[in-house]
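Encoded as structure tokens, the following chain is the form predicted on its own, with no partner shown.
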């Protein structure tokens, strides 16, 4: 379909406007993290790195970052196991309810976060509380894993469907057992998909706030929760801007790496 010059110009203008709405506020946050004015007047009167030093010296902020890293790593590890197993089951076997399993695995990321959070909070109170397990880092990891598993599942399932079973069958014909085939054939083909899915899972977990609000307990304050709690405290405003800027970087970098890995895998295929 050929578009007229006016139509192309209009589409480009709308696209530029949409990107500006998304990325200009993020750019403002990044600039304010080095804005010398404590009130963040605009345009900045100067630039400084002292807010970053204050953020590094803030014990609450450091603990929140560490908690977010622990939650992200734990949720990613759990999602890697569950998502990969589910993807293999759906891609390699035919059984009653296979499509229903796929729907159940993908559904959590489509549900509103507040619905997932309330459901998990009620489940934890009913199941874990009688066992003496309260809300904390463990429940945060489980809560994050419910939607992180989707990224692993989708990446692994797509890769399994793209590669097929011919290489595995050839390996078996050459005398390799199941574990040898997985080690030398299946896993190398899945490696980039697993890494890309893990990076996306970590990024999703690191900046999650809604589900965390309902599943976190004492001692499990993640970075987004800390930012939200200190957002309207004037003395903490510079530190909040720095942590928000760091959160943007820590979210963008894994997603960019995952995109590059996926693009490279498609090129090889």
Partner chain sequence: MFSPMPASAVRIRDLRKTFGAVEAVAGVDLDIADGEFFSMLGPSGSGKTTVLRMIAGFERPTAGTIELGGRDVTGLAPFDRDVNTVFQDYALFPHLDVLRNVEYGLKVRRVPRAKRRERALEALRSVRLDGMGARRPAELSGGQRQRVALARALVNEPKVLLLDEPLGALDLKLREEMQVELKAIQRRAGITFVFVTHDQEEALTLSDRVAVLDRGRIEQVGTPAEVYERPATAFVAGFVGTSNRIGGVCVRPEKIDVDTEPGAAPADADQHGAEPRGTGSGDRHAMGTVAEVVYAGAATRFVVDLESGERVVALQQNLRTSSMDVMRHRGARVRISWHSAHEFHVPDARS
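As the structure is a computational prediction, the values presented were derived from the model and not from experiment. Residue numbers count along the first chain shown, from 1.
Beyond what is shown, the protein has a form predicted together with the partner chain; the following relates to that form.
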| item | value |
| --- | --- |
| Partner-contacting position among 100, 126, 174, 131 - heavy atom within 4.5 Å of the partner chain in the predicted complex | 174 |
| Sole residue of 154, 181, 116, 192 within 4.5 Å of the partner chain in the predicted complex, by heavy atom | 181 |
| Full three-residue contact with the partner chain in the predicted complex, heavy atom 4.5 Å, for 28, 46 and 48 | no |
| Partner-facing stretch of 165-173, 102-110, 71-79, 131-139, counted where any non-hydrogen atom is within 4.5 angstroms of the partner chain in the predicted complex | 165-173 |
| In the predicted complex, residue 160 touching the partner chain (heavy atom, 4.5 Å) | no |
| Distance check, residue 185 to the partner chain in the predicted complex, heavy atom within 4.5 Å | yes |
